[in-house]
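Here we start with a single chain on its own, the form predicted on its own, put down as structure tokens.
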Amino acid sequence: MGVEKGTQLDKAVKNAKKIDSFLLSRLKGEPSDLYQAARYMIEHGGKRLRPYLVLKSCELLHGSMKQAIPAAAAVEMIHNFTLVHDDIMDNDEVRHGVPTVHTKFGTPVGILAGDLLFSKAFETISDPSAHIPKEVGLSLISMLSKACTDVCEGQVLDISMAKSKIIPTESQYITMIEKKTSSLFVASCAMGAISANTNESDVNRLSVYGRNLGISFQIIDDLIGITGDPKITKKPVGNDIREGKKSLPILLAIKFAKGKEKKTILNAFGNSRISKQAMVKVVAAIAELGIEETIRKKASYHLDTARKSISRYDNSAREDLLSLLDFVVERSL
């Protein structure tokens, strides 16, 4: 990791510490096991990328951290709500190197912990003690509600793609990740702008930034799922191929491969019993197709769009948001 990328991540972590006390203060109550389950994933990792986007978007428009913290906390609660429920749907037992919420606390409490995070998010941005102007609060609720709807729609699209024998098109894939992943990035940036009590044009520009950052984030994430170093990702070589995940790198590999090469990839796709040695050959075959270069170019296209969307602003927050774009496209985890 280069100095710039490391510095960018350090800034995100520093900001994370500033909001964590507020975030966790909103998740106290009885029954204690329910609130413990709701706090569990928040206390065990995460880069707080989405809250960071809220804070920096607000700062970009000359808003304060005090104005942005309620929205930042709400976004992180919703993000963790999606993780808790995703892990239940996927039967995943580990996240961030620790047991998942439903594994540790049981599925019923896991479901309710997710529901609590969801409801607390909206309570946080509508609580009178936060001193959020009424119109700002209504706009925040509207923006976060739309993101939650999009996430649910995107999750079902993802499930449908996974069940179908048909390989989706690139366009269908992008539509799915726009809803499932990018929508919460859009909400984070837009809610930061709204918290600064700014105008609709600013909200729209930050939404464009968030949308394109989110798309790039996910397609790079999918690339790491194939080419990532197992020592860094903590996942086996070619994990997403083994699981039969219809991510963009895999879709493109199937599309561009010919003859024996294509047969090798298809035989490995969704094959949980494939050996490590065989998977290394499959990953090498995909590398020969230039998939990584293609994916990074696509990510760079979206990041250029994000970059242009905030070009009119000129302060340190813009530089932080621009640095984040470089971090996303070059990251290895």
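Heads up: residue numbers just count along the shown sequence, starting at 1. This structure is a prediction, so every number in the text was calculated from the model and none was measured.
We do not show the form predicted in complex with another copy of the chain, though everything after this point is about it.
Novice: State yes or no: in the predicted bound form, is some non-hydrogen atom of E243 no more than 4.5 angstroms from a non-hydrogen atom of another copy of the chain?
Specialist: Residue-level check for E243: no, no contact with another copy of the chain.
Novice: Classify H85 as contacting or not contacting another copy of the chain in the predicted bound form by the rule of any non-hydrogen atom within 4.5 angstroms, answering yes or no.
Specialist: Within the cut-off, so yes.
Novice: Since only the chain is shown here, I'm wondering whether V156 would be in contact with another copy of the chain in the predicted bound form (any heavy atom pair within 4.5 Å).
Specialist: Looking in the predicted bound form, residue contacts with another copy of the chain include V156, since a heavy atom lies within 4.5 Å.
Novice: Taking any heavy atom pair closer than or equal to 4.5 Å as contact, tell me whether D92 reaches another copy of the chain in the predicted bound form.
Specialist: No.
Novice: Using heavy atoms only and a 4.5 Å cut-off, determine which of L266, L34, A278, M65 is in contact with another copy of the chain in the predicted bound form.
Specialist: So the residue touching another copy of the chain in the predicted bound form, by this definition, is L34.
Novice: Which residue among G97, P128, P230, G259 has a heavy atom within 4.5 angstroms of another copy of the chain in the predicted bound form?
Specialist: Comparing distances to another copy of the chain in the predicted bound form, the residue within 4.5 Å is P128.
Novice: Look at the stretches 148-156, 182-190, 243-251, 197-205 and give the one with heavy atoms within 4.5 Å of another copy of the chain in the predicted bound form.
Specialist: Going through the listed ranges, the match is 148-156.
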